[in-house]
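Here we start with a single chain on its own, the form predicted on its own, put down as structure tokens.
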Amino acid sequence: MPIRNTETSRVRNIPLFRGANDSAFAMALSGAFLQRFPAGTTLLMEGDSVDFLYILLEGAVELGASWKSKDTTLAIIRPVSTFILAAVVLDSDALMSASTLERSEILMVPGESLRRAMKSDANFCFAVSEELAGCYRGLVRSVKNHKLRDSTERLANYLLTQRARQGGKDTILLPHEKRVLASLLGMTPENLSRAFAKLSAQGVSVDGAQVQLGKIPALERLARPSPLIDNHYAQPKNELGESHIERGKGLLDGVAAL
């Protein structure tokens, strides 16, 4: 549905639009609309032409890809997050599919409107560049995580990440099913089960979606979290100010949404 006047201030406060001048903001939102989707809705398919930038305001979205008979989950995102931004800026086809995991509210901004607004306002163009830069750095972190760590180390760091996001508790809940978690970490479900078993020596025990972390120092010694790989570890140490903090704060798992 079209954006109502009562919702304009809410959209205006999205970080991507916050610094845009009024003219660029109105230009970007020309033809934009808010849409609510039920869980399990396919928003776009890998290879589709991209007509809109998607901004997730409520809910959760899974980003994935496939090749031959294989499917993989690239990222699961939470509000407030953009996705398919690079494809919109380049007016290119989508490199990944997107579907809702739960009831979601999404702002859909026409690509042509966004590109015209970028050309009209340097501040807005810079905000888009910041968003893309954060996405790129998230991608580099993900590649390093997968190439430099074995499966057990990746799982250990994932558990420490969830612990940080869930308030530092020693009992955490896996936010999604293990099939999705295995795909995010580049494993088969069987390899994920073996990795959990190996972490029992570090005090990790699993009961359904609940994970008990009994020996945090031992888990940290195995995981060796790094500010050059693990974004949750790096963010609190950034002293350069909000504009320099990497984007994708709504990202739950995987790489920032390109």
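As the structure is a computational prediction, the values presented were derived from the model and not from experiment. Residue indices: 1-based, along the sequence shown.
What follows is about the form predicted in complex with the DNA, which we do not show.
Just one of G186, P175, P110, P79 comes within 4.5 Å of the DNA in the model of the complex, counting any heavy atom, and that one is G186.
Residue-level contacts in the model of the complex: of T41, S205, S30, S193, one residue has a heavy atom within 4.5 Å of the DNA, and it is S193. The DNA is not drawn, but in the model of the complex it has no heavy atom within 4.5 Å of S92. With a 4.5 Å cutoff on heavy atoms, D150 counts as touching the DNA in the model of the complex. Within this chain, K169 is remote from the site of the DNA in the model of the complex, having no heavy atom within 4.5 Å. Mapping the unseen interface onto this chain, R179 counts among the residues with a heavy atom inside 4.5 Å of the DNA in the model of the complex.
Heavy atoms within 4.5 Å of the DNA in the model of the complex are found in exactly one of 129 to 137, 115 to 123, 150 to 158, 83 to 91, that being 150 to 158. Heavy atoms closer than or equal to 4.5 Å to the DNA in the model of the complex belong, across 32 to 46, to no residue whatsoever.
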